[in-house]
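The data below hold one chain only, encoded as C-alpha cells and taken in the form predicted alone.
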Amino acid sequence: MNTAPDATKPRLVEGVNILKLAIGPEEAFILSRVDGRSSEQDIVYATGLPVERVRHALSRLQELGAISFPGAVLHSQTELAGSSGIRSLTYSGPPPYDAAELEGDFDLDVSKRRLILDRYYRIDSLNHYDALGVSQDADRKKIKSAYYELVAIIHPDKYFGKNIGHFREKTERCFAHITEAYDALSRRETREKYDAYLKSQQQVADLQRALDMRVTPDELDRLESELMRLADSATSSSPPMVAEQPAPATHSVSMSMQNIRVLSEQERRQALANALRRSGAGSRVTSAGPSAAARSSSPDLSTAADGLRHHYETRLRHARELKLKSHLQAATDALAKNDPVSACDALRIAQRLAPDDTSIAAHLAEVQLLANSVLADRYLEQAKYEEEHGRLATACRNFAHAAQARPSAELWERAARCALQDKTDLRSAAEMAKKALEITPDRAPLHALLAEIYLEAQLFASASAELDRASRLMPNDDSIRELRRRLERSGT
C-alpha cells in the first residue's frame, strides 16, 4: 500500500502525562497499542475493536494532544459535486493515502478522487454497512439506493475510454467491494449471516478487552470516591449520632466508640467543633488554635479525634466489604447468564478491593479460562465466515487467534491452509503448520501440508524432508505422491 510516510501511524506525544488524560478504559487500551510503528489498521487487529471505535478514539486522543500523526494532512470530505448528489462517507483522522495521489491530469474531479482513494485504502476495515454508507437498521430500499448512488461514481465502465491513470485499478476493486456488500445485504438469508458475523466481532472485542484491560488509575480514584461516599451514607437507615448515656461534663470530650452509633460528615465536623469548644471552656481560643501546652494538657481532645477517625475508618472498611460483596455477586450473576466479560470486569475490581485474597485471584483465573474458551468459539465463527467468502488473510488470522485461545492442531492446520492459499505470508504458514505438528507430530497430512508450503516457497530440500516423513506415515497416499511429482518437476 502506498501511503505517506507515517501518515496513518500515530505516535505518542512526548511530555504528555497519560495518567492525567480524561480518557476512559477503552481509549487507554487503544493508547497502549500506539507505538509509532502500528497503523490504524494494525491497532484494529491488535485490539479486536471495530474500526470506527478505534478511529474515534484515535481522533479524540489526537484532540487531547496525546498522539500525533506525523506527515498527515487532515481533511473532511464534502458532498461530491455534480448531479449525483451522493452522500460521501466522513472519516475522522488523517486520510489513509499520500496526498500526492490526488495529483495528476486525469479525467476525474478531485472530490471523486478523494472518495475512491478513501474507500480503496479502507476496504479492509469497512464492514458492508460502512461500505454502502448506511446504518445497520437500513431497509432494503435504502441499501439499494445507496448502492446505485455509489455505482454512479465508482463503476469502472463510467470511465471507459477516459484517462484516469492509477484510479482505474482502484475503482475496479472498490466496485467489487461495494458489490460484495450489496449482495450480502440485499437478501435476508445472507444478511442474517453477515449480521451474526458482525455480532461475533463485537463479542470478540468485548471479550478481548475484558481479558486485556487493567483497572486504570482513574477507575481506582472513582472507586475510592465511591467508597468514601458509601461510608458517609452507610448510616442513612440508622438514627443520628447519639450518646447511649449522658456523659459527665468533665468527660464530654472523651466520646469513645461505644458512645457513637453513626456519624455523618456534617455530624463528624460538628462533634469535633463541640469537643473543641467544651475543651476550651473558660478560655479564649485564638485563630491559631490551642497552644502546644494546652493540647498536651487536654488529652481528651486527641482521644476524641482518634475515636472519630477510628469510627470513620471502620465505616470505610465496612463500605469496602459491602462493595466487594456486591462485585463478587455481580460476577456470580454474570456467570449464571453465560457472560464471562462482565464476570471478568467484576472480579478484577474485586481483586483490587481485596488484593491479598487468593481465592478471588483463583476465581478470576478460572473465569479468564472460560472467557478464552468463548473467545475461541467467536474467533472460529468469524474465521469460517471469512474462509467461505474468500477472505483468506483474515480467516487465517482468526483461525490463529482461535488456536491461541484454545490450542488445537486442527485450528492451526486450518490457519496454515488459509495462509498457503493466500500465498502472501508463507513464513507464517510454515510456523502455523509446525504448531499443529507439535500437537500431533505423527499426522501425515500435516507433514504433507508443510511440504507443500516449502514447495511454494521454493525451499525444495525442506519440502523433500517433509514428504519423506509423510510417506513413512502414509506410504500409499496419492496426494503425497502428487506432491512428490511436483517437487521432481521443480528440477530437484
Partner chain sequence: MERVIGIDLGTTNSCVAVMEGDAPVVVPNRGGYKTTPSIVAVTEAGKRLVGHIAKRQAITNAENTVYAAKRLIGRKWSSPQVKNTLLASAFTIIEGPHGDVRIKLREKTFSVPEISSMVLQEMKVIAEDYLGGPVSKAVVTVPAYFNDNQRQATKDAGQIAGLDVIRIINEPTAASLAYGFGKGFDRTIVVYDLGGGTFDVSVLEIGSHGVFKVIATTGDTFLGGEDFDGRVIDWLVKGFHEEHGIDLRQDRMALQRLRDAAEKAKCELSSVVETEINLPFIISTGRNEALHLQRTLTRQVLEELTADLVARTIQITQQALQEAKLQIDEIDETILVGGMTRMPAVQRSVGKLFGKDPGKGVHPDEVVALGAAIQGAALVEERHEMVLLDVTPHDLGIMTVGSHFEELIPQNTTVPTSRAKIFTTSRDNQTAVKILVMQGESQKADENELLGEFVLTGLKPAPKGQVEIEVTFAINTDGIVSVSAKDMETGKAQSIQVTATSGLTTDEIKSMMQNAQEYMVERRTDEAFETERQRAESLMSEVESMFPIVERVVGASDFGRDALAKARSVVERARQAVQRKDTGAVREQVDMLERTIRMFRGVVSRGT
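Residue numbers count along the first chain shown, from 1. Just so we're on the same page, rigid core means the largest C-alpha set that superposes within 1.5 Å between forms. None of these values were measured; they are calculated from a predicted model.
In what follows, reference is made to the form predicted in complex with the partner chain, a form of this protein that is not presented.
Interface residue among H166, R352, K144, H318 relative to the partner chain in the predicted bound form, by the heavy atom within 4.5 Å criterion: K144. Stretch 173-181 is the contacting one of 410-418, 173-181, 131-139, 321-329, since its residues have non-hydrogen atoms within 4.5 Å of the partner chain in the predicted bound form. The candidate spot formed by R37, Y45 and E52 is out of contact with the partner chain in the predicted bound form: none of the three has a heavy atom within 4.5 Å. Within this chain, K423 lines the site of the partner chain in the predicted bound form, having a heavy atom no more than 4.5 Å away. Taking the partner from the other structure, the partner chain in the predicted bound form has no heavy atom within 4.5 Å of any heavy atom of E438. Although the partner is absent here, E103 sits far enough away that none of its heavy atoms falls within 4.5 Å of the partner chain in the predicted bound form.
Contact between L380 and the partner chain in the predicted bound form is not found at the 4.5 Å heavy atom cutoff. Contacts with the partner chain in the predicted bound form, taken as any heavy atom within 4.5 Å, map within 155-185 to H155, P156, D157, K158, F160, K162, E172, F175, T179, Y182, D183. After superposition on the rigid core, displacement of the C-alpha of R414 between this form and the one not shown stays below 2 Å. When two forms of a protein are overlaid on their rigid core, residues whose CA moves 2 Å or more are considered shifted, and L132 is one of them between this form and the one not shown.
Annotation for Y385: C-alpha shift under 2 angstroms between this form and the one not shown, rigid core superposed.
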